[in-house]
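Only one chain comes next, encoded as structure tokens, the form predicted on its own.
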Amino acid sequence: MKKMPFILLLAFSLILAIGGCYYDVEEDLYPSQECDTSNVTYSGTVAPIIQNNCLLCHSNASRLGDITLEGYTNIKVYADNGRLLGAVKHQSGYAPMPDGAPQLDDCLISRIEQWVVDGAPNN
């Protein structure tokens, strides 16, 4: 009779252990985040990336490094000459941007790259 609480506790612990592992599947914990580059536009995709990651230093007001990325006309110059992608992809020969910060995530870079490959349209 004294072993009954021990057996019940052991059975309960076993049930919890087996049931607790159910959610430890990597795909359930970290679902895949697909990067959609099928409908990249300047105004809806690229401009917000530049706004959030570049304009603190490269706006018309601050112009660090004598580079202005504010507005389509300004960023188009750097998209066309390869400096935009070279900098955000941290390629050799280009100043890695954002300066003093980690590289942009792969999806943001892929979206900028797709926009450049599409001819950097003002859309």
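Keep in mind the model is a prediction, meaning the values are calculated, not measured. Residue indices: 1-based, along the sequence shown.
Quick note: we don't show the form predicted in complex with heme C (HEC), though the next part is all about it.
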Contact flag, Lys76 vs heme C (HEC) in the model of the complex, heavy atom cut 4.5 Å: no
Heme C (HEC) contact in the model of the complex: Tyr94, any heavy atom under 4.5 Å: yes
4.5 Å heavy atom contact, Ala47 to heme C (HEC) in the model of the complex: no
Gly71 within 4.5 Å of heme C (HEC) in the model of the complex, heavy atoms: no
Residues within stretch 42 to 63 having a non-hydrogen atom within 4.5 Å of heme C (HEC) in the model of the complex: Ile50, Asn53, Cys54, Cys57, His58
